[in-house]
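Take a look at this single chain, the form predicted on its own, given in structure tokens.
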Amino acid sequence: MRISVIGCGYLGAVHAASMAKLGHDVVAVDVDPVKIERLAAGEAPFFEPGLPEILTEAIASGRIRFTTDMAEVAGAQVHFLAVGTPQGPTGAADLTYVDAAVAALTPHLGAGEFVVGKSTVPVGTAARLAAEVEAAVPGASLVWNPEFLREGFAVQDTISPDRLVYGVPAGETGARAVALLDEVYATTLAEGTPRLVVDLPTAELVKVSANAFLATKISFINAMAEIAEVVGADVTALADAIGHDARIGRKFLNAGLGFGGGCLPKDIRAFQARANELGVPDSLAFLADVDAINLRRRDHVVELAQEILGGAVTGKRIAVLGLAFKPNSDDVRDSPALDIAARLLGHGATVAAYDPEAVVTARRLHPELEYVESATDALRDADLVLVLTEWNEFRELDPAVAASLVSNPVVIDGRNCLDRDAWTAAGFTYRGMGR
């Protein structure tokens, strides 16, 4: 099929390359000429495992091209809308890019074509945009097909997702939309991927409610970590025990620094803002506590570092291992790791920061930090070691080698990802989260 993808950020670039991988003819559009130039050269503008390979393959096959000219989308049967919805000053989602993309797209739409929303938007947005599209181009329609990408697994989650959700109107238009999306995802559906056909508001709620649930689960176990630290319990063992209950499950029950990135924090805040607009603020009032618990974990690590170093970190050299909000990503948006590194610097510490992929993105936000080229460089002469992102490189560090490099063998395991017994045996004082 001939497909267009509007927006070539994280979501759009992955979706466009993945659609070409599935055999479609794709034109991808973005207003940023530098981004388009890099993508056209086969260079991913961010770190995502697997993306460079499918991008290179798609360009070589001739099934994808990148442009800043919206007119080139003319004739596509499906136009995927994949622009960002950042958090606005009030906490609500900023729909500036969504509205601008639809306005730029409609002059090039034809009757019978579908605009398919991928972006995470407040419930009610799709109905508004659908009315605008139908008024501007009689016979064109808008439906919603939310994304469920996990950074670090985005290519896999696009090509072989755990489910497909189609938000469509009732009647003949909805039936045509379902048939068209089934053609788009024919390969995926042939693999047995579940497909759910729902109305527009339900489709909009799926992604944001899933993120709210996951955020709640993470903050729950971090609240248990706060209790565990007071009473001397081990939150990791606690999570293992309650995780055996099939109703609860072990996934997302890892205590640590909490969540960050470009989705969970902004989505739960935007969800609360939308509930307020809808006149049901009490329905999501609990998310304020979820957010507060999450942010407290950062405070706790800074306070723990101060306690360990005699009440203050001033003049101390601290090795920070990890800057991205999660491993297998260079994303530092709302990253707990980068936030903690910056706070420690603000308290007078010398911070030697290292991340396998996120140094460049971290430097853009906090150029004042000292960035080093390896974990070894960070560990050398450190008075305290902080492991803040659970990269395998850090999990696999030899604690005996680390002990030979540092000035003071003390480690704060901010992700409970190290072998506590091995680090203790190597001479380290080990402090975990809720352990």
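In case it trips you up, residue 1 is the first one in the sequence shown, and so on. Please read all numbers here as calculations on a predicted model, not as lab measurements.
In what follows, reference is made to the form predicted in complex with ligand UDX, a form of this protein that is not presented.
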Triple contact flag Phe114, Gly174 and Leu181 to ligand UDX in the predicted complex, non-hydrogen atom at 4.5 angstroms: no
Please pick, from Thr361, Thr236, Asn211, Thr188, the one residue with any non-hydrogen atom lying within 4.5 angstroms of ligand UDX in the predicted complex. Asn211
Answer key, ligand UDX contact in the predicted complex at 4.5 Å (heavy atoms) among Lys326, Arg317, His108, His300: the residue is Lys326
Of 211-219, 98-106, 71-79, 227-235, which is the one stretch near ligand UDX in the predicted complex, taking non-hydrogen atoms within 4.5 angstroms as near? 211-219
Taking ligand UDX as it sits in the predicted complex, is His15 in contact with it (heavy atom to heavy atom, 4.5 Å or less)? no
Looking in the predicted complex, any heavy atom of Cys263 within 4.5 Å of ligand UDX? yes
Taking ligand UDX as it sits in the predicted complex, is Leu149 in contact with it (heavy atom to heavy atom, 4.5 Å or less)? yes
In the predicted complex, is there a heavy atom of ligand UDX that lies within 4.5 Å of any heavy atom of Arg415, even though the partner is absent here? yes
Taking ligand UDX in the predicted complex and a 4.5 Å non-hydrogen atom cutoff, the residues of 165-193 making contact are none
